[in-house]
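Next up: just one chain, as structure tokens, the form predicted alone.
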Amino acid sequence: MERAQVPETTIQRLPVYLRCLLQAQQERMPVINSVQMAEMCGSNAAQVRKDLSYLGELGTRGIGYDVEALIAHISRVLGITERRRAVVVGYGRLGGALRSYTGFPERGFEIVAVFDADPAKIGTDADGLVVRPMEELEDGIREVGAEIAILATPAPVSQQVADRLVSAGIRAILNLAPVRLHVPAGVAVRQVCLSTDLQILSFHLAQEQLT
């Protein structure tokens, strides 16, 4: 399946569907229909059916989707049937919180190295990993075979660090710094900006207050 065949908006919803399917699996539901999925995911049945139609002929009309089979299929589409290795660059409060998050392994990801520029943090324990200096960034990434980087560095140095990540072979970056990164074609960047999301929430609150 070519990625171009699946709309970007659908790709963004697939992890949500997978989370709901895993919940259904825990609840011992062998089959789930689009209405049930929509209720669990906060969507609507038509959208669920449309999104899943991009993934091929799935489910049985009038019955629904086999939960186990759909989990396996979406996992293959998302490329997480094998665990993806990731590094955290920037071991501040946000980077530290992400390193401590226990949900990565069950979602197909493993943090394999942590890097920071602060001499006071280098050599300290990061939940079982030793914080490594930025001087070892390129060699360290190649050593652990990582392909994803979680970038939690200060904004002024983020582009420079991103350039180093790309040169070391990283092909996907989760950017937590409030700055737009410029990367070559073939490198995927996902921007996470908490302040932007908070401002959007504030907009909705403001609109409610105006009504």
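Every value quoted in this text rests on a predicted model; they were computed, and no experiment measured them. One rule holds for the numbers: they count along the sequence shown, beginning at 1.
This next part talks about the form predicted together with a further copy of the same chain, which is not shown.
Hey, in the predicted bound form, does G128 get a heavy atom within 4.5 angstroms of a further copy of the same chain?
Heavy-atom contact with a further copy of the same chain at 4.5 Å: absent for G128.
Contact label in the predicted bound form: P178 to a further copy of the same chain, heavy atom within 4.5 Å:
P178 belongs to the contact set for a further copy of the same chain.
Do A117 and a further copy of the same chain share at least one heavy atom pair within 4.5 Å in the predicted bound form?
No, A117 is distant from the partner.
Do G42 and a further copy of the same chain come within 4.5 Å of each other in the predicted bound form, heavy atoms counted?
G42 belongs to the contact set for a further copy of the same chain.
159-167, 27-35, 56-64, 146-154: which one contacts a further copy of the same chain in the predicted bound form at 4.5 Å, heavy atom to heavy atom?
After filtering at 4.5 Å, what remains is 146-154.
Going through 60-80, which residues have a heavy atom within 4.5 Å of a further copy of the same chain in the predicted bound form? Please give them in sequence order.
Those in contact are V77, L78, G79, I80.
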